[in-house]
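In the block that follows, a single chain appears as structure tokens, in the form predicted alone.
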Amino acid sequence: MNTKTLETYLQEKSALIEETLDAYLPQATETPKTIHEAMRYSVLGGGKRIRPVLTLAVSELFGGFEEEAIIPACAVELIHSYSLIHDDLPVMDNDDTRRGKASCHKKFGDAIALLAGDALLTHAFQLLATVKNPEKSKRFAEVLAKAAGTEGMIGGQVLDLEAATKDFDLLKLDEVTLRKTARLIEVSSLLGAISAGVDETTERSISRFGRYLGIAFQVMDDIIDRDGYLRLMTSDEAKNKAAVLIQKAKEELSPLGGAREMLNLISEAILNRKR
């Protein structure tokens, strides 16, 4: 399997995710139209879709069914999209653009942007409630809420805000990265494993795989943006850190069997990404 095959795989899965998100989101013609327009504007037509693709790829690795994995995959993407809307608000990072276009609050105003983020968060769990297997529905909601809440993404954002007024070191930055970025990528992988019905030992391995992948993703982001980890180490040191993390992620897959090549290729693509 080569890079071209990986690109084809990512394109196919991204197209499926886009199509499903389009179907699951309220239509822009539904009242109140403005909030639904803002939700669709912020979710559709952009983004790498790395998180939902991981959910589908992990499920596929263990023989799961795509039609079952697509709901948690879309739910995690809605959570990610809501977090970006809120991150861009003036009270947070105050970014005017997102994914090559005006950020949600620049397009619709601060109040609608805040509510659009809230609505996407709520809609994610509404989707998970439609999963026909009640045990899986409960597990999906439980692990995603934990990853997105104060133990995960929100907690990481708080630590990041607090870090602006305190001495910052590598240990603290790793903790911020683990919670703010890696937890959501970790749970994206775990959702795929749960969907496929693997055992607890395999779930733990897949969680560690996603965790290492998520930290490496942020390190590479910081290299590209010349920020974050590059405030504490050189670009070469940061790249080496990411490479070690990717190797650890791939090692978690080794004992699991199955066609691991796609997940290995996704891991390598994260390490070699330029933007």
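All values derive from a computational prediction rather than experimental measurement. Each residue number is its position in the shown sequence, starting from 1.
What follows is about the form predicted in complex with another copy of the chain, which we do not show.
Colleague: Wondering, does residue 34 line up within 4.5 Å of another copy of the chain in the predicted complex on heavy atoms?
Modeller: Although another copy of the chain is absent here, residue 34 would touch it in the predicted complex, with heavy atoms inside 4.5 Å.
Colleague: Can you tell me if residue 47 lies within 4.5 angstroms of another copy of the chain in the predicted complex, counting non-hydrogen atoms only?
Modeller: Looking in the predicted complex, residue contacts with another copy of the chain do not include residue 47, since no heavy atom lies within 4.5 Å.
Colleague: Do residue 155 and another copy of the chain share at least one heavy atom pair within 4.5 Å in the predicted complex?
Modeller: It does: once another copy of the chain is placed as it appears in the predicted complex, residue 155 has a heavy atom within 4.5 Å of it.
Colleague: Is residue 201 part of the interface with another copy of the chain in the predicted complex - any heavy atom within 4.5 Å?
Modeller: Outside the cut-off, so no.
Colleague: Sort through 91-99, 185-193, 68-76, 201-209 and report the only stretch with a non-hydrogen atom within 4.5 Å of another copy of the chain in the predicted complex.
Modeller: It is the stretch 91-99.
Colleague: Each of 114, 145 and 161 having a non-hydrogen atom within 4.5 Å of another copy of the chain in the predicted complex: is that the case here?
Modeller: All of them do, each having a heavy atom within 4.5 Å of the partner.
Colleague: Just to make sure I understand: among 105-129, which residues lie within 4.5 Å of another copy of the chain in the predicted complex, judging by heavy atoms?
Modeller: Sequence-ordered list: 110, 111, 112, 114, 115, 118, 119, 121, 122, 125, 126, 129.
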